[in-house]
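Shown next as structure tokens: one chain only, the form predicted on its own.
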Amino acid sequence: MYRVPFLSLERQHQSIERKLKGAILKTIQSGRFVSGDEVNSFEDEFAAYQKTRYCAAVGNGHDAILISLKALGIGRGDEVIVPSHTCQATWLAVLNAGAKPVPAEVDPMTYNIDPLQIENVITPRTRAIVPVHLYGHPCVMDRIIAIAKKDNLFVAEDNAQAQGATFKNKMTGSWGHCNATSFYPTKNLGALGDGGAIVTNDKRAYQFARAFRNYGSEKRDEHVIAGVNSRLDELQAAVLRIKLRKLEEWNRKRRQNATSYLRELYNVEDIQLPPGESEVVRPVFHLFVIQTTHRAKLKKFLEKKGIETAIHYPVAVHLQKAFGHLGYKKGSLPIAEKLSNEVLSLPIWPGLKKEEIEKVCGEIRNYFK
């Protein structure tokens, strides 16, 4: 049976294989694997892409959020507002910064944090908001920034799933005081291993991030703060420099695939489709996520037809054991719990063939018939 993979990095890499091999070989021959020219060049190029002044590359996306919060002075006794429906790394980074994650429910149509719900959970201890541009769809950043200004809060964006997306023609990951991203291999801009970055226009936050990621040291043997070891290596930076040049093309293909899904699945029974592109919002469809009360049966049906799907995320964050001490119970965040029971991710990656999308859509229509 011909299978439609949920993700195939192999096809994506085929178009740049020669350049990737050349960049890796060049790095090996240089003999420099940590904190060298490739990292410096990538930081400059990624900052320019994000239209920000500074970029500090780090070891992974979790650390990018953690260090962003640390750079903004967030710590013990502080509260940070996070989305109720997101990857648990967002909440973990807040905890590991010493602060308390306080969830605000998301908009069930966009899956992103609802500005109205943000206002409902602000307390005297609230210091920051972490909007997550989930699945590649931009948050309503102008309203979030307005709330933050009114209440004197920091904004640290989690842009791990939305590299290249825009809201009102401004890049996601460039609105906040500090903005974190991940280069995990499955991301729109993915390395061949772990990686992350912080972009900002705040020079002090940038200098803090550079020192904190390197044991708290800006100069060799001089440690100004108690930092960590979270550095992007030269090999990953070399790979990311190649991939960054292809990101706009790959994102365009994701949007084309999404347009096909939106057209072919329009008005299919018991499916809620994600929002598409508009004059205000330009998503990049890291994932194409539908909602259905038939999720388990539909997933099983598609698997039998050779179509791979995935679930992001099957257990609501507040119901994970790691966050049990926060006191949330089943029923505490009903929108997040509903989404965890109903969302299903379809294949969307660049390199997905037209006939593969047609097969996915055809089988979904067949199921509901």
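Counting begins at 1, following the sequence as shown. Computed from a prediction, not measured in an experiment: that's the story for all the values here.
Missing here is the form predicted together with a small molecule; even so, the following discussion is about that form.
Among heavy atoms of F301, none comes within 4.5 Å of the small molecule in the model of the complex. Although the partner is absent here, A148 is not a contact residue: none of its heavy atoms lies within 4.5 angstroms of the small molecule in the model of the complex. Residue contact with the small molecule in the model of the complex: P138 places no heavy atom within 4.5 Å of it. In the model of the complex, at least one heavy atom of T90 sits within 4.5 Å of a heavy atom of the small molecule. Contact with the small molecule in the model of the complex holds for none of K305, V360 and I364, as no heavy atom of theirs lies within 4.5 Å. In summary, the region of this chain contacting the small molecule in the model of the complex, judged by heavy atoms within 4.5 Å and restricted to 325-333, 61-69, 45-53, 24-32, corresponds to 61-69. The single contact residue among P283, G195, P103, G176, judged by any heavy atom lying within 4.5 Å of the small molecule in the model of the complex, is G195. Only one of T172, T200, S84, Q161 lies close to the small molecule in the model of the complex, with a heavy atom inside 4.5 Å, and it is Q161.
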